[in-house]
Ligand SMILES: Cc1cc2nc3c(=O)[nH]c(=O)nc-3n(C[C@H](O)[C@H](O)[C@H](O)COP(=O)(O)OP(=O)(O)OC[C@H]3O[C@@H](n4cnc5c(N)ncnc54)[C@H](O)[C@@H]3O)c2cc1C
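Take a look at this single chain, the form predicted on its own, given in structure tokens.
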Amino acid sequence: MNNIKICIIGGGISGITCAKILKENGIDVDVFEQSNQLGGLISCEIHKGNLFHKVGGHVFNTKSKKVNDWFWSYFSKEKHFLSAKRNASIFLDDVFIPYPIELNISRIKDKEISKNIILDLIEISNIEKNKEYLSFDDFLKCNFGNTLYDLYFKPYNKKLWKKDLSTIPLDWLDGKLPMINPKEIIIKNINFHKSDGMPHQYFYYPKNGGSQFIIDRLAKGVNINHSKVFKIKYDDGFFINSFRKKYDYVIYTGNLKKIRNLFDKSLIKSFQIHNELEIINNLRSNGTFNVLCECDKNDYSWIYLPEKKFLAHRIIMTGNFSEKNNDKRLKKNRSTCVVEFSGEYKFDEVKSELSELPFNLSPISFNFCKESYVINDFKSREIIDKIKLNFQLNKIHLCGRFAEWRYYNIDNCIEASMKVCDKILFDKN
């Protein structure tokens, strides 16, 4: 077992998790990460004394016992983390409506709209739900009704995905939205039961360093090569760039659209998936423009912004996740947050909007990530799964949000990494 050598491309949460698990099992592992900083989408930086989640605000929670047990074998809940209850809200018509909106219908400012939402729910609750949903759009209308769909779900999701919701399949949805039926929504509103029962209702967050602390701690003891991989040659094993070391397996956690250009053309040709590889060039994703801001103190964790008048789709109150995320020089009534915009913007385009948002925002820094949210259609999943299986049969494993083109959070990435490692270890045993 000690003679096996594995190359991992990408030093984000998926790549580092794979490296850690394989190293635990006595495997010789090298991670290639082109950036000087590990973490990928979950990386953080300090700007003017404040922690900046450059792409969103990443926390840890999971419903998987296997992921939970593995993760906490490297961290102490008491020493390293803070536990918190999610306090999210929807800013709509200048009112903060607790999340999820469907369980807080009475808080909607326009009472005629509230009434119509209830009438919709009564109507759709009498319809048998024994059909398969045609799309994400169909799922939303059938479970929440047209009024709530038009008020919140449609504008928010169109802002986020920048795509016709009827062209988006449901496979990304597992664990992301509360799966609650219309009758339950009505009953919970009557009983003032505001819990959606989702695993993300509670989360853990590092006391220091944000999600960068997670990746840096997991990477301890892992061999990291901060080099860009531009060529992978195969000759009875894999050779990276001009290095002479031969690897038995490659785990790729980078962008799926770039993978064909890394390998020998003869090797890729032998896979007989030329048409599929052509199709993945058209896969869509959205970037995010994130602005680190100083803001008024509050007790929220996330604020969702569905209205068209705002370009931003959410505010992440990262300064509330841990007090140590905030510069000590901030005034007592001030904190920090990250305002997130889906798509590519220039700072001048979004600067004026910050003054229109709540909490008296004052920008500190900004970051544009070219690709953040993966977007699937009804054909892409089947094609990607075929590519993934084909590569796997040739000892190349795809793992992570962009390698598998799935909307993974930290726990999903860890779970996917475990599955890849289990396959490799099973093969060699």
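It should be emphasised that the depicted structure is a prediction, and the values quoted were computed from it without experimental measurement. All residue numbers are counted from 1 along the displayed sequence.
Here the subject shifts to the form predicted in complex with this ligand, a form of this protein not shown in this document.
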Sort through 373, 70, 391, 366 and report the residue having a heavy atom within 4.5 Å of this ligand in the predicted bound form. 373
Please identify the residue among 282, 126, 227, 242 with any heavy atom within 4.5 Å of this ligand in the predicted bound form. 227
Taking any heavy atom pair closer than or equal to 4.5 Å as contact, tell me whether residue 294 reaches this ligand in the predicted bound form. no
Can residue 254 be called a contact residue for this ligand in the predicted bound form at 4.5 Å between heavy atoms? yes
Would you please decide whether residue 420 lies within 4.5 angstroms of this ligand in the predicted bound form, comparing each non-hydrogen atom pair? no
Using a 4.5 Å heavy atom cut-off, state whether residue 59 contacts this ligand in the predicted bound form. yes
Testing 356-364, 44-52, 377-385, 397-405 against this ligand in the predicted bound form with a 4.5 Å heavy atom criterion leaves exactly one stretch, namely 397-405
Neighbours of this ligand in the predicted bound form among 321-354 [non-hydrogen atom within 4.5 angstroms]: 340
